[in-house]
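Quick setup: one chain, the form predicted alone, written in structure tokens, and binding and motion questions come after.
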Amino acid sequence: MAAEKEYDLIIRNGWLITMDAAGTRYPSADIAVENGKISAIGSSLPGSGKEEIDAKGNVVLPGLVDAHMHMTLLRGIGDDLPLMRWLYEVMFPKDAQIQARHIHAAAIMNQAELIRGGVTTFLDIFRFPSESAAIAEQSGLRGVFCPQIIDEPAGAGETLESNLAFIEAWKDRVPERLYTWFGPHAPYSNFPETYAKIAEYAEHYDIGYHTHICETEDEVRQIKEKYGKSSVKLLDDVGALNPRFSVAHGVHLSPEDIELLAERGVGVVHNPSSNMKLASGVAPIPELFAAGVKVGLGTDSNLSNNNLDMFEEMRIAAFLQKLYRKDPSVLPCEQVLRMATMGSASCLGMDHMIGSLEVGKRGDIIIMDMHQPHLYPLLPEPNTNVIEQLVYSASAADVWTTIVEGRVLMHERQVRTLDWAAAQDLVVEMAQDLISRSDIWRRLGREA
């Protein structure tokens, strides 16, 4: 008699929203993970799991992918300023004073929030990436780390040299879970030759790179006056536009810019909350989709959002476009959910391994607690409103379980891999130290 199949993990009795190309849903099914990969999906799967979770009829989704965030510390500091003042008067001076110990504390805070919000993969573009990567080794999240290179003003960010050193130290240290990329900040803070060098290095190391682009009208004007062309055309002219490249924001893209991004296979990560808070504008998301551009979703930082709630980001992404275009049919909820899963995975070049629940893909899975008043009435298949409830009604607080490669990082709202309670005093201490070092209260005119 054949031995019973034993998996590493089985989730039973789940309402599976797979986000595969066909939009397959299983009203009641099991999903099994073995060696980090989804190995079976079906009703009443035979065998057992080293760990088994009863989903209790709740929704089982692919883990969300936050394709643009910063591992920042000072949430709620320097708010209510336009982007360029915010950057040059507060953020860049603060960033010049950041030390590794500040990022260590920030990474614990941010990654605990990501786990609790159902994010299983994130892209971090900021300082001292070794500190954030070390916390991700412990937290179990899948992370892409892009040291934020800034040429001008000097000292406000990482350098090409420190980015290269990080890659040498961390590339393939945790294969296919922690990734080392390049992170030039923006065309107004980096030289064109820096982007050209990065494109060559990225090819050499076979990795990606990520930047901010066309976020504000001021940036567009500044680049046009300095170089006589758009940021997108500038980067194309130095050979930086290719499928390895993803960009954040893209608020003020011309039709020609959009066409170039589509032709070169560049992914665009939408950050609607940040764009609203900093009054940057409304990104041309329908036009990007129409042109065939890969479009993902990100939260940006806790400085400009001020949270890492991808459910809130989905809702705002949809509502903002509907209001701006005076058309309630624009950016329907299923398309927005796809942005936060397969769309973001595609921007990171990972759509072959994450972003949907399919046999052979990584076991990055979340379970949503749908038994909540604000998620009812939850109607059954086939005429269900489950996607509507997830996108328009759910929040990070409704995530019940977060799993990466079959490892349970959180279950029943209890994070297993990070001790947030023990880190709270450290976060406050490091925040106060950084505020003092960078003289932020004086810069904001809030001296006692």
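A residue's number is simply how far along the shown sequence it sits, counting from 1. The structure presented is a predicted model; accordingly, all values stated were derived computationally and were not measured.
Another form, the form predicted together with another copy of the chain, is not on view; read the next lines as being about it.
Trainee: Could you tell me which stretch in 183 to 191, 260 to 268, 122 to 130, 320 to 328 has residues with non-hydrogen atoms within 4.5 Å of another copy of the chain in the predicted complex?
Mentor: Among the listed stretches, the partner-contacting one is 320 to 328.
Trainee: Does another copy of the chain get within 4.5 angstroms of any non-hydrogen atom of R75 in the predicted complex?
Mentor: Judged by the heavy-atom cut-off of 4.5 Å, R75 is in contact with another copy of the chain in the predicted complex.
Trainee: Is there a heavy atom of G228 no more than 4.5 Å from a heavy atom of another copy of the chain in the predicted complex?
Mentor: Residue-level check for G228: no, no contact with another copy of the chain.
Trainee: Is there a heavy atom of P82 no more than 4.5 Å from a heavy atom of another copy of the chain in the predicted complex?
Mentor: Taking the distances in the predicted complex, the answer for P82 is yes, it comes within 4.5 Å of another copy of the chain.
Trainee: Would I103 show up as a contact with another copy of the chain in the predicted complex if we use heavy atoms at 4.5 Å?
Mentor: No, I103 stays farther than 4.5 Å from another copy of the chain in the predicted complex.
Trainee: Quick one: from E217, D237, E176, E200, grab the residue that has a heavy atom within 4.5 Å of another copy of the chain in the predicted complex.
Mentor: Only one listed residue qualifies here, and that residue is E217.
Trainee: Tell me, out of N242, Q138, Q372, S254, which residue has a non-hydrogen atom within 4.5 angstroms of another copy of the chain in the predicted complex.
Mentor: Exactly one residue meets the criterion: Q372.
Trainee: Check, residue by residue, if P332, P380 and N385 all come within 4.5 Å of another copy of the chain in the predicted complex, counting heavy atoms only.
Mentor: Checking in the predicted complex: P332, P380 and N385 are all within 4.5 Å of another copy of the chain.
Trainee: With the partner left out here, which residues of 109 to 144 have a non-hydrogen atom within 4.5 Å of another copy of the chain in the predicted complex?
Mentor: If the 4.5 Å heavy-atom criterion is applied to another copy of the chain in the predicted complex, 109 to 144 yields M109, A112, E113, R116.
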